[in-house]
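This document opens with one chain alone, in structure tokens, the form predicted alone.
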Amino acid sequence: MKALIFEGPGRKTLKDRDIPVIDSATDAIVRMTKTTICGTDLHILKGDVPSCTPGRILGHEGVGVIEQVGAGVTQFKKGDSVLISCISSCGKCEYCRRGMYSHCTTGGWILGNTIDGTQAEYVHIPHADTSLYPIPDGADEDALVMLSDILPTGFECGVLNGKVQPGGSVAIVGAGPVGLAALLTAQFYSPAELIVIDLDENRLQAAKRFGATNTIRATGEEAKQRVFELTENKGVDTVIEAVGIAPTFELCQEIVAAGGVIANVGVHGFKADLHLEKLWSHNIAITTRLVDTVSTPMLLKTVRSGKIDPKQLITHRFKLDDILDAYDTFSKAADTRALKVIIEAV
């Protein structure tokens, strides 16, 4: 089968690999139909994720068809169409019983990280019964690819952790796919202000289309001043950090209101300063989280009902044979205007 292989920082190749096989009774083999590229894949290629070692097939998102199941799989059979969760969960360990599937002792974020992932023609899925979701008849598979990771990530790590409330004020720092997913799902809670901050005008225009009340094309002190102008010099109740670099995390600290929440979503490869000399008396909370995908069933229902349309995040399409071009397009989003790319494996 063809697969996209991480060869070390800055290096990737499309190669032939053996089709994976069942290792455990609870495994499934899925024939991929559609996958995508995540910002986390770019972090891996930058060397920011040391747990992912050279030789790994990348990717942790997508939809496909069950090719084979282990003897212990009871919820799925060959031929079933499935959504692949970016998080694998056994459903039995201490962390899974607490709803923290991201910290499953035999799962978590392993696809495309510590085991081979979805940017291939086939993928091996451990804990299939609790790591896959059936795709209903007539569902839009393109939209469902967005439910593998970015939609639950934006919602759980940003909106839920950030305690977005009706009538509240929210600033999302970073208008990439995850930031825009947070924007879409924040509207479940009817905040009065939804401010999106980025330097890319194309992404800010997308944010306006997706429901932002205001956009700010600035960073640092200028962005802070604009936020305070929009919030009667108070700052915002919720700040969602969706970039993963020190300057944006520091901006979040500058614009959070007293009693507010900073919800970090971004993947940080380097240290970021926490200014307790300013914030110690500010009554704020700072949250971190790796997505648990506990919200995936609910999000599936909202997408099916048309309450949200994650398909509008898709800007480009490629075949698996052209995945290197897809990476080039996705990594140069400022020039290509890419948000999410769909890669067809068939």
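Numbering starts at 1 and follows the sequence shown. Given the structure is predicted, the values throughout are model-derived calculations rather than measurements.
Another form exists, predicted in complex with a small molecule; not displayed. Remarks below refer to it.
Among 254-262, 147-155, 115-123, 70-78, which stretch has residues whose heavy atoms lie within 4.5 Å of the small molecule in the predicted complex? That would be stretch 147-155.
May I ask you to check whether residue 290 falls inside a 4.5 Å heavy atom distance of the small molecule in the predicted complex? Contact check for residue 290: yes, within 4.5 Å of the small molecule in the predicted complex.
How about residue 239: is it within 4.5 Å of the small molecule in the predicted complex, going by heavy atoms? The answer is no: residue 239 has no heavy atom within 4.5 Å of the small molecule.
Is residue 140 close to the small molecule in the predicted complex, meaning a heavy atom pair under 4.5 Å apart or at it? Contact check for residue 140: no, nothing within 4.5 Å of the small molecule in the predicted complex.
May I ask you to check whether residue 244 falls inside a 4.5 Å heavy atom distance of the small molecule in the predicted complex? Yes, contact at 4.5 Å.
Please pick, from 106, 187, 205, 219, the one residue with any non-hydrogen atom lying within 4.5 angstroms of the small molecule in the predicted complex. In short, 219.
Answer with one of 182, 170, 84, 197: the residue that has a non-hydrogen atom within 4.5 Å of the small molecule in the predicted complex. Selected option: 197.
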